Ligand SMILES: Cc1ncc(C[n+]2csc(CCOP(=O)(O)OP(=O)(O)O)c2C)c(N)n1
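Take a look at this single chain in structure tokens; it is the form predicted alone.
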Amino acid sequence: MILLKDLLNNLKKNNISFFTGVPDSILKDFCNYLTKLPKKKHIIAVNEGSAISLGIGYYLSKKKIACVYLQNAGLSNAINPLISIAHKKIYSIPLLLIIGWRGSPKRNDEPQHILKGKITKNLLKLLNIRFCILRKKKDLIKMNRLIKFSKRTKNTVACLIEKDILKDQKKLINKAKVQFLPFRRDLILELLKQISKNTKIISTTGYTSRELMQIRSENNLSNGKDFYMVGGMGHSSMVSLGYSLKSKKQIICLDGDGSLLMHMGSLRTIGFFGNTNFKHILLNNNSHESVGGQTTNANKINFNNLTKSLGYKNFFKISKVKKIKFIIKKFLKCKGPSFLEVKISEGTINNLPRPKNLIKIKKQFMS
């Protein structure tokens, strides 16, 4: 186990003062601490490639190493700027990567995490990124050596942290919030009640897919078929579009604000190519809730103006429970591509299961 304060002290001693990245559940305590820093010292990026690019820009300005945090699944999103800009043989820009190592060997995890976990070290080696694994306090000495190496040689280096390794001794007090907005489950339940037998739903990763699966099962709602994006954050809308282009069935993308922001350019592709059967629902709680509740900064976006300018035919918005039934009915009847923004509160169903037997889920969806 490594205490959060020890990791933070180590970074401070090494003059690391700028942080950027995409929140990860393994690094939750670390990410939550960073949200307390001044605005210009910590930026939550929309995707990992953007985080790397922010770190590159910081170095060009300050000649100091930036710390970029991410989960190992997001390392793939970061490859382009790591190879084509930061690499020793290109611009030789040093960075420190702190990576949540999901699916590390000999640990039980979800199939998609295990697959990425197995290749994480090999991927770092292919990228010529020196790394260490942080499991105990004494491993922070290895991190110090890596940072010194990075400063001296202008190379990117990385630290891998496994699940349940990083701990914060301070007990967080959860303050009760007065909630006026609907919850995710309110929208999903009504949606499942109103969709037709042949409707297809493709849901984004995290709590959205898990709640969709649980609510359908608990309420014995059989209309429609679901495809759960257990990975590939940010890609649910393009998977949905790809399906809709070759089908006459109604297709609903059930998206989240963090996911949508990650690859926002997809909205233009949908607006341009989307058929009348395409429906896009954004569950917007301004939060990376599935990995710790860090802010996405999506609450101030005017999605009405945005989606209309990008080619969506209709826009709807829900911010009250009593409006859900009526607006969903109108939304499902209109011709797409259509967009529905649902302002929701943070909060999810307790003890949510995760999708299992993914091949069976795929076959049922395709049948």
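Heads up: residue numbers just count along the shown sequence, starting at 1. As the structure is a computational prediction, the values presented were derived from the model and not from experiment.
The discussion below concerns the form predicted together with this ligand, not included here.
Remark: of stretches 69-77, 138-146, 219-227, 191-199, the one touching this ligand in the model of the complex is 69-77 (heavy atom within 4.5 Å). The contact residue chosen from Ser244, Ser237, Thr156, Ser259 relative to this ligand in the model of the complex is Ser259, the criterion being a non-hydrogen atom within 4.5 angstroms. For the candidate set Leu124, Leu160, Leu267, Met233, a heavy atom within 4.5 Å of this ligand in the model of the complex is found for exactly one residue, namely Met233. Although the partner is absent here, Lys279 lies well away from this ligand in the model of the complex, with no heavy atom inside 4.5 Å. In the model of the complex, this ligand lies farther than 4.5 Å from every heavy atom of Ile93. By the criterion of a heavy atom within 4.5 Å, Glu341 is excluded from the residues contacting this ligand in the model of the complex. Contact check for Ile165: every heavy atom lies farther than 4.5 Å from this ligand in the model of the complex.
If you take 1-37 and check each residue for a heavy atom within 4.5 Å of this ligand in the model of the complex, you get Val22, Pro23, in sequence order.
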